[in-house]
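Provided below as structure tokens are two forms of one protein chain, presented individually as structure 1 and structure 2.
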Structure 1
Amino acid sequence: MLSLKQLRYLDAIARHGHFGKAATHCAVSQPALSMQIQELEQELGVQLIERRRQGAQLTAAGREVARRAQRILNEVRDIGDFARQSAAPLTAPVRLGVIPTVAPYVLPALLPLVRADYPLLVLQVRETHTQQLLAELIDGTLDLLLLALPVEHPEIETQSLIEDRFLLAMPPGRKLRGRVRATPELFEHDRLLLLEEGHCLREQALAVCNLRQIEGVDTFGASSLSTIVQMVANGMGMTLLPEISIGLEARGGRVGIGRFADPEPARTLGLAWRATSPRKEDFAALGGLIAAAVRKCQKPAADIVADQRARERRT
């Protein structure tokens, strides 16, 4: 009779491509793992693994079985998560994925809130691009994502939390006559500096400015917003900053900040989880905290803009 152990071992082999390493990872001896795999192959009547000199290679059937096994193992883990949640909400670790244009700003505000409200909760945070996050969410490596919506995927459910406006960051001292209008002309003198490919903020900024063409856009591709802000501060161009980043990135008047004309462009920040996840209540509770943290991050933006306008009026 098929057992979970066999599926666990197969999954380990699929991941490591090596009987010995897989066995170590499963905390059993290599023969134990080998025998279970043989048993599995015999029960299924199909060869799953090609034993080669340089390790183990899955056959076509093996890959398909491993894919299904992984799915099953995820669902088994979900049962455990569900039980833990219903026994004691928000105590099991949450593996949270966050996009790079959110993480450095929101996490410092979020973690104290979490510690205060759910002292037992452990947040394991991973920061990478949307596409990578989604892949890891689906394969069960992550439990929850904090990113920019919308996200369309049949196996994923989302909940939007809060809007995060875009502001224009200019070299310091640049004058503004009221709100900025987002047009390509804006970037005739100053190049638009953007993050490297893969960041959703890059695409959003291009959309906001009605730029399809990469003209006047620096494809140099920085990998963090603070790098870009450095460049802006040195007069190398302009960029769009999300409101949550202003407090950190525009402090001390390093760059000038301008608001866009209504309707102000914005991104929607929200959560995403596997549709089958048993911890939706946990996630909803966390969502409340995250929204609060985001609001905290956005607060300095208003001050900075007001402050700057006051200074301009004085000159």
Structure 2
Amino acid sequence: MLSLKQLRYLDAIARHGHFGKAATHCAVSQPALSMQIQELEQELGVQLIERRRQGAQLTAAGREVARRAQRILNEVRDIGDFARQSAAPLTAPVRLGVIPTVAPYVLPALLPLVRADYPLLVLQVRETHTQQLLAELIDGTLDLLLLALPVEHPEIETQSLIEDRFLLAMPPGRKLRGRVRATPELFEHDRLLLLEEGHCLREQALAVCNLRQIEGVDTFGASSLSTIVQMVANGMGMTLLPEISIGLEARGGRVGIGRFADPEPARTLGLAWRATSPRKEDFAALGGLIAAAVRKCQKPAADIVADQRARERRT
């Protein structure tokens, strides 16, 4: 008879591709894990795993069984989440995934709010790219994501929280006559510095400036906004920065900041969770704190732009 233990062991092998690593993850000995997998194969009458010297590879049947096992294990986790949520809001741990262009700016403002309002909540944070976060949400590794919307997936529900406008970051001393328009002509004579492939902010910036076809536009790939800002500060080009980052990345006047003409381009920040999750009330409550943290992060942008314009008028 199938057991949840066997399904968990198969899921671990599917994730790690190795018996030893799967056993470590499950806190059991490798022989014990291997025996359970053999019993599962005997019960089902089909080979699930090809045992190789360099690791373990799932067969076609193994991949399908592992996919179904993952869904069952997620349902089991949801049962536990439902029971814990019924006791009190936001007392069970939340495994939160956050994209890199949000985490370093919003988390410092968010965590004190969480500690003050929900002192029993253990917030476990994972920062990586959107596609990896979505994969980990679907397979049950994460409970909730904070990212840029939209997200379209039949197993995922989303909630919009707040708009995060884009601003233009320029080398210091560069002056603008009023607000600029986000057009390809803006970057005819300046290098456009963008994050490397895989960051959703890169695609958003290209879309904002109608630069999907970027032949003739000089771009640069980096893994963090801080790296991009250092290059802008040294006269190597311009970039687009989300409003939440301005207080940190543009402090001290190291780069010039300009606003775009109305309607100002923006991204929508929001939450995503598995549609089957019973913790939607928890997530909505946490979303309120996140929106408050985002608004706090956005406030310095207006002051920095105003100070910059005042300095320009004096000169």
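Under this definition, the rigid core comprises the largest set of C-alpha atoms superposing within 1.5 Å between the forms. All values derive from a computational prediction rather than experimental measurement. Here, residue number means position along structure 1's sequence, counting from 1.
Peer 1: Pick one: which is the form predicted together with the DNA?
Peer 2: Of the two forms shown, it is structure 1 that corresponds to the form predicted together with the DNA, while structure 2 does not.
Peer 1: Compare the position of the CA of Ser277 between structure 1 and structure 2 after a rigid core fit and state whether the shift reaches 2 Å.
Peer 2: No; Ser277 is a residue whose C-alpha shifts by less than 2 Å between structure 1 and structure 2 when the cores are overlaid.
Peer 1: Can we say the CA of Leu10 moves by at least 2 Å between structure 1 and structure 2 when the core is superposed?
Peer 2: Shift at Leu10: 2 Å or more after core fit.
Peer 1: After a rigid core superposition, would you say the CA of Ala23 moves by 2 angstroms or more between structure 1 and structure 2, or not?
Peer 2: Yes: Ala23 shifts by at least 2 Å between structure 1 and structure 2.
Peer 1: Rigid core superposed, I'd like the Cα shift of Gly45 between structure 1 and structure 2 in Å.
Peer 2: Its alpha carbon moves by 3.4 Å.
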